[in-house]
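Before any questions on binding or motion, here is one chain by itself as structure tokens, the form predicted on its own.
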Amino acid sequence: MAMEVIPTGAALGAEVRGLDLTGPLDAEAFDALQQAWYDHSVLLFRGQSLSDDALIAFSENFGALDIAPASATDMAGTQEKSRPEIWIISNVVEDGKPIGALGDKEAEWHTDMSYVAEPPMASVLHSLEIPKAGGDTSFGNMYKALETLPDDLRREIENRIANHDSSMTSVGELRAGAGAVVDVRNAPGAKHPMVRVHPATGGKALYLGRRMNGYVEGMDVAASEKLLDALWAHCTKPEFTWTHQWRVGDLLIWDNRCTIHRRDSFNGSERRVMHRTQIKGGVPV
């Protein structure tokens, strides 16, 4: 069956049909797949039954993988992993211990691990168990957000650097070993340009990371807060977004260099188990 790419009709995202991800991809198939990813920023594959080894093998088509980060509550990262490249995203507790991270809460808009010097260029998420409702994942197109940014805001962010706080997770929990941020000017994290150039497409995208404890370098706090509030209000408008409702066996790969994403909360009494890999990136420029 030939590969078919079906756009969502929203600001980003497409479903790919006709590929079985359990086996290797030849060069021609991968080139077409990679181009579809560059074109749509988020790709969805339905009905994929992947072992962790197969998930890693698929992810490695795009580049070398990061080791899974420590969970929010355990710096040593004691979640059970079959391979160190797999990060379990789950609310499930077994024998009194979470098997994964991020629980059942809402996860605010963010870009994965932008608080490190070389953030992952992409994330791959495979669904194993899902709740009856909730836990949907939404994505935002940061190319379009930048393209449509009002001129006054565009001028304000030209050549600006923002600090991406590392103290909090996307569900609002302190990371292991982190202290509460009292002054955003002193928040830990990594400093990145607010407009970054995609190394493969050449496109420019707004790059904000996460709103919580964000700070625009060189501005007084009030001015930074005002600017960031305006940017976030703009880039999360519905016309820039697409929401995915999960099914078991879904796999998504998204480009962290030009998208943001968030997750809806869900009923904590129901199981949600997802396995994630992250593909190494470079320094944003």
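If you're wondering where the values come from, they're calculated on a predicted model, not measured in any experiment. Note that residue numbering begins at 1 and tracks the sequence as displayed.
Unshown form predicted in complex with a small molecule; subsequent notes refer to it.
Exercise for review: Name the stretch: of 254-262, 227-235, 53-61, 214-222, exactly one has residues whose heavy atoms fall within 4.5 Å of the small molecule in the model of the complex.
Suggested key: Within 4.5 Å of the partner lies stretch 254-262.
**Study point:** Proximity of F45 to the small molecule in the model of the complex, heavy atoms at 4.5 Å
**Key:** Flag for F45 set to no.
Review point. Would R196 show up as a contact with the small molecule in the model of the complex if we use heavy atoms at 4.5 Å?
Key: No.
Exercise for review: Report whether the minimum heavy atom distance between H110 and the small molecule in the model of the complex is within 4.5 Å.
Suggested key: It does: once the small molecule is placed as it appears in the model of the complex, H110 has a heavy atom within 4.5 Å of it.
Review point. For T137, is any heavy atom within 4.5 Å of the small molecule in the model of the complex, or not?
Key: Although the small molecule is absent here, T137 would touch it in the model of the complex, with heavy atoms inside 4.5 Å.
Exercise for review: Give a yes or no on whether each residue among L12, H40 and A205 has a heavy atom within 4.5 Å of the small molecule in the model of the complex.
Suggested key: Contact check failed for every one of L12, H40 and A205.
**Study point:** Answer option from L102, M121, I157, A187, heavy atom within 4.5 Å of the small molecule in the model of the complex
**Key:** Only one listed residue qualifies here, and that residue is L102.
Point to revise | Contacting member of M168, L125, V181, L149, with respect to the small molecule in the model of the complex [4.5 Å, heavy atom] | key: If I apply the 4.5 Å criterion carefully, the residue I get is L125.
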